[in-house]
Each structure stands twice: as C-alpha cells, then as structure tokens.
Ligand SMILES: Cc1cc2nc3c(=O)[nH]c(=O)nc-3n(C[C@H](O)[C@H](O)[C@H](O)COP(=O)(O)OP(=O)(O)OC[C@H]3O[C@@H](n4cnc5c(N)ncnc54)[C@H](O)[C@@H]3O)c2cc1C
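Below, in structure tokens: the form predicted alone, a single chain.
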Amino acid sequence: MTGTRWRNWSRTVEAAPATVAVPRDEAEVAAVVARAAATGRTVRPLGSGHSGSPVAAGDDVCLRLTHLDAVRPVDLARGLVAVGAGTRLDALSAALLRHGLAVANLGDIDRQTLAGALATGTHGTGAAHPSLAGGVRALRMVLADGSVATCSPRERPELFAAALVGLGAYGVVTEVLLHCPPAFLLAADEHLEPLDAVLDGFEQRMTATDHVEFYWFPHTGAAMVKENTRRPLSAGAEPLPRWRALLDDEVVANGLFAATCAAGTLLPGLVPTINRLSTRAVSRRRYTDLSHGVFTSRRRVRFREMEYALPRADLPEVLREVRRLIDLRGWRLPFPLEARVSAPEDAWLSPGHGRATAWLSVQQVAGAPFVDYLTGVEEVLVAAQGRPHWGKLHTRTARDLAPLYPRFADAQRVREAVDPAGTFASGHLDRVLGRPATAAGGGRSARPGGSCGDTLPGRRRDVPQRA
C-alpha cells in the first residue's frame, strides 16, 4: 500500500510513508524487513498513534501490525500469556478476563497497541508497581537482517534489557510473553483535597494504598485524588450506576470539559474562573469494579502532553516551582497537571530505570498555545534530573539524556550491534538515541527525512501550531 498519509491522535505529527505494509504474520514481517534492508530502505512500525512525539513516524517503509493480535495462554497456572504485538490494550484486557487474568497495571488510556505501549515506557501508577514493561518475561522480534530472535533475562539478556523499552530502534517486536495476575477488582475513592495538604504529605499519600494519583487544577488550590485499592473478585463489584457513569464520564468529563476548553481557548481570561467553578462542582465517588474499567477512561478531548519521570521525593517541590512559574508567566490552563508514582525498573531505557519514580504530566488542549508552556515547564523538570516520557513531547537530545541513564552507552552499543546500517533509524531516533556509527559513515539513507524530525512539533513548519 503506497501514498498513505499518517498522523497521530494528538495531531502533533504527520508523515507520508512511501510504503505502508500490513503483514499477516511474523513471516511476512521478516520478509518486509529483509527486503527493505537489502535495498537500503528504512522501516518503522506504527502503533495506534497515541504517542505525541514522532517516535513512530517514518517516511519510507512503515508497518501496521494489526493482524498480529492473537492472545494465547502459555501457562495459565503461572499467568503467562503470549500476546501479539499489534493487540490493543483494551482488547487484551477483555481477552485476559476470559481466562481469569488481568493486566497488572494500566495507564488511563488503553487504545495503544501492546508493542507501542512497551516501546515508549507506558505506565500507570502505584509505588510498588512498575510500568507495563515490568510484566514482560520475553520478547520475540524481527531483527534488521530479517532473522527472528527471542530475548529474555536469560536468552540474549542485553538485547532484552535494551529493547524492552526500545522506541522501536532494535527491531520489530512481533510477540510478547506477558505475566498477568489473576483478575482483580479495584475499590476506587475519588475526592478533592487541598493541593498543599497532598504535597505536604506526599510520601504517605502516594503509598497509602495500591494505586494513587492526583490532578491539580491550575489557578485553584484543589487536587483531585484517586485512590484505587486491589480486591479479589470474590469481594464483589459495586460499580457506579450506569446513569452516574454516563453523566460523569461522558457528559461532564468529555462533553462539558470540551466546551469549557473551547471557551477558555477563545477567552483565556475565563480559565481561572472556569477551573474554580469546576472544582466546586466535583463530588466524591466511591465504587468497585474490574481493574481495567477503573484504571482507564475515555479521553475524547484532544490535547498535547509532556510528561517527565522525576526522583520520587522531589515531586512536591518541583510541582510547587511549576505553580510559581505558571503564576509568573500568566499562562491560562484549562487542563489539570497529573502526578503519579511507580516502582524502580530494570529496562535500560525506561524513564523509571533504577529509581523510585514520580511522574508529572502537563497538558494543553489542542488548538491553544502550548510551546511556550511546555518548554517553560520543561526547564524546571530538567533541572530536577527528570527523564522525558518517550511517547510525549520534549526537546531533549541524546547528549542531554546520556548522563541521566546509567546504561545509555550500553543501549547504544546494542543498537549498533543489531542494526549497524540503521534499518530502524529515523530522524527522531537519531536525535534522542544518537545515530549508529556504521550508518552515519555509510552511503545508505539511514535517517529518513520528512516532516517528523523535531521533538516539539509546534516548531515544525509543515504542521502549523499556535505558539
């Protein structure tokens, strides 16, 4: 298939691949990669487009893995399931439930493909819980020469450690061996608290139960705290009444929020008043439901997002500094800032590698000015030794990132070994990981051009944004 134009969900990245292949199985993936490598072309796998950064974008050969969506039990007693790389997370949760299993931890969006979510370090929240990558026991992938490799902590362990959160730079993942716990419920308690109280007791608050996060509404002193406690299925679900779920999640969280964002974009001076009124209208919710139904929500209002992983103990002061900056610069922000935590991880390029992590996310509604806001806040996050989420907007380069990751040089070395000619290279990957030395010195085009080279698309000429 040729001539297909691609753009991501948040409309920050566009690309026009020369070829889009939709292989039916792993053998066809290998054949596409081998042909591309033999003719000096580059290959990028495409997920569902939920990354705000250009991590998936390419202008040569792109792969859609929609047919690689099988979910097959390997060892149900141990909770081991082989999952096709193109399986969407919502479909995965539904398939696992039929076997009495669940995904251990999820973010609040489940429309990503499994491989795309792993490649960018997608995470949920929970001080004792790692990101999605923490449940992976092995990867099956097609390498740059078209060969198929399996890697795990025991088999090709360095490739596993590099490729687990690998940005698609090491090969095309075709199947994931995932450890899944027995299906469980989450007892949810969602309520408002004063932001200062949450920050003053941050460590205690974020470790009070299994999964805790909070949202701060700029121009107010209020934070929406979400506490989710694990319960066995035998405890019994007590879901929200259908009318309440529709009212809260569709009418208010999507419809009314879209209207207030539109009003705030046209008349920014209204935003502080709108935010204050919105927080006063929030009522407490308590309910118990299947884990994936509580972890995730429908996000119909398009937005641009930046998220950084910080040393966990530093988040309260960092957020206070961001609040001071917002007041100083006079930004008007309808979207809340989101704070989460996660456990240390082993994957070399995971933003949570080797340290207890707090995540701070800043968002701006599509159509509103966002570059000045994101880059201004980014300076605060960088000063706090923050590591950017690979799938979201940021301006960091390999030179900036190398000192933040103890195994960054090893990740570069493994990339050079498995893809010396840059078959999986792109302008964006060269920017954030460095360019493979062999590809840089060769005659082939290891670095596709096109419209996706910048890490902050608001600065690109071909996708106009309001800066």
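Bear in mind the structure is a predicted one, so any value in this text is a computation, not a measurement. Start at 1 and count along the sequence shown; that's the residue number.
Omitted from view is the form predicted together with this ligand, to which the following refers.
- Partner contacts here mean any heavy atom within 4.5 Å of this ligand in the predicted complex, and among 201 to 209, 122 to 130, 374 to 382, 311 to 319 they occur only in 122 to 130.
- Remark: all three candidate residues (S48, A85 and I109) come within 4.5 Å of this ligand in the predicted complex, counting heavy atoms only.
- Using a 4.5 angstroms threshold between heavy atoms, H389 counts as touching this ligand in the predicted complex.
- Using a 4.5 angstroms limit between non-hydrogen atoms, G352 is distant from this ligand in the predicted complex.
- Interface membership of R299, defined by any non-hydrogen atom within 4.5 Å of this ligand in the predicted complex, is confirmed.
- Under a 4.5 angstroms non-hydrogen atom cutoff, this ligand in the predicted complex has A117 among its neighbouring residues.
- Here is the short version: of C151, A102, L167, M306, the single residue with a heavy atom within 4.5 Å of this ligand in the predicted complex is L167.
- Interface residue among A425, V55, V61, A411, judged by heavy atoms within 4.5 Å of this ligand in the predicted complex: V55.
- Residue R340 is the only member of 330 to 347 with a non-hydrogen atom no more than 4.5 angstroms from this ligand in the predicted complex.
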